[in-house]
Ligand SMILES: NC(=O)c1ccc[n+]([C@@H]2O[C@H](COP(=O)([O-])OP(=O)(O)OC[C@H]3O[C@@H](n4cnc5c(N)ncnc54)[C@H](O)[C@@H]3O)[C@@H](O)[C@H]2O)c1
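Presented as structure tokens, the chain that follows is alone, the form predicted on its own.
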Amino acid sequence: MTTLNGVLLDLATIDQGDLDLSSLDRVCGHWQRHAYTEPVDTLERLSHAQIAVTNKVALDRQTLTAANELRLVCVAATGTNNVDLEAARELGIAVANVARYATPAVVQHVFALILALTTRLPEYQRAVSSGAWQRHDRFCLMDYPIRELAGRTLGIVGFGELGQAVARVAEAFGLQVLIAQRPGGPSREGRLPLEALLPQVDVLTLHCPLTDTTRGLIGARELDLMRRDALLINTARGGIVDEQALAEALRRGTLGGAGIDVLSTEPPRGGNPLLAPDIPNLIVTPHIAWASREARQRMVDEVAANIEAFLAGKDRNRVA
């Protein structure tokens, strides 16, 4: 069998030295491993590769056209917006992604944010760190109101793999679950239009992709429809939420809190309205909901399985 050459374009976005990469070694005879790849270096690194693995490195039409030996692109993610799929189809280059690898990690992060905000964990941790509890005149400090999840209502926007998994865990906490109608989609039994759902929920969690119909989906109008003590959780994509409107709602106290794992530009080198230090009841994490070691290992093994299937002439997770 001809030895194939593979290139890992941005391995450091997946592996922090804690993963087992042997599944990749078994399916491809030779790998070039790069921690990161700048745009100026992409084509040179693809020049002798038949298989390319990318997480976030962009492969546009020009690059794919010039990569004469390339047969398969494996996207080490679910989203494939960094690869020109139309060009890949025209050029006969297969493209496969990975799905469902991070479901347990994302669900865990969603509830970590919900529980931290509901129980006011950041404020109470700061109270201990600052010495406020130590100076208190009673055995417990109760400066920040705590709520229970049981008996409250969770609204879910995006009821695919992740939304359904969140719903199952929500029921274990005693939450009632309401499902939003797909933005821009037809009416479906058991699903509510967003404007009807928002006033009813105590927590709103987003699990839809970023598309033309979901960009800016949660803006000032939608935030005004929510209860003053409601929480917004976004582990989907930053552009779904109007970040300036969210910052203003939290400052005004017209929204109870927010847990945000994604921003419209990442990393936010140019700043972001949600990074201002004066916003209350806000937790921002650096796009890590997917990033448990177990999820990243599943991702690697899924990429290997996609390569193995391709070499056997089978379609697996093909998107082009």
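Under this definition, the rigid core comprises the largest set of C-alpha atoms superposing within 1.5 Å between the forms. The first residue of the shown sequence is 1; numbering continues from there. In this text, all values refer to a predicted model and were calculated from it rather than measured experimentally.
Separately, the form predicted together with this ligand exists; it is not shown, and the next lines address it.
This chain is drawn without this ligand; in the predicted complex, the residue among Ala112, Ala94, Val177, Cys208 with a heavy atom within 4.5 Å of it is Cys208. Taking a 4.5 Å heavy atom cutoff to this ligand in the predicted complex, the contact residue among Glu90, Glu148, Glu161, Asp143 is Glu161. Stretch 182 to 190 is the contacting one of 129 to 137, 182 to 190, 195 to 203, 223 to 231, since its residues have non-hydrogen atoms within 4.5 Å of this ligand in the predicted complex.
The shortest heavy atom separation between Thr78 and this ligand in the predicted complex is within 4.5 Å. Though the partner is left out of this view, Trp290 does reach within 4.5 Å of this ligand in the predicted complex, counting heavy atoms only.
Although the partner is absent here, Leu263 is not a contact residue: none of its heavy atoms lies within 4.5 angstroms of this ligand in the predicted complex.
Within 4.5 Å of some heavy atom of this ligand in the predicted complex lies at least one heavy atom of Val157.
Contacts of stretch 227 to 241 with this ligand in the predicted complex, defined by any heavy atom lying within 4.5 Å, are made by Thr235, Ala236, Arg237, listed in sequence order. After superposition on the rigid core, displacement of the C-alpha of Lys56 between this form and the one not shown amounts to 2 Å or more. If you fit the rigid core between this form and the one not shown, you'll see the Cα of Gly184 move by 2 angstroms or more. Compared with the form shown, the Gly184-Glu266 C-alpha separation increases in the predicted complex, the change being 3 Å or greater. Note on Gly216 and Gly184: their C-alpha atoms are more widely spaced in the predicted complex, a change of at least 3 Å from this conformation.
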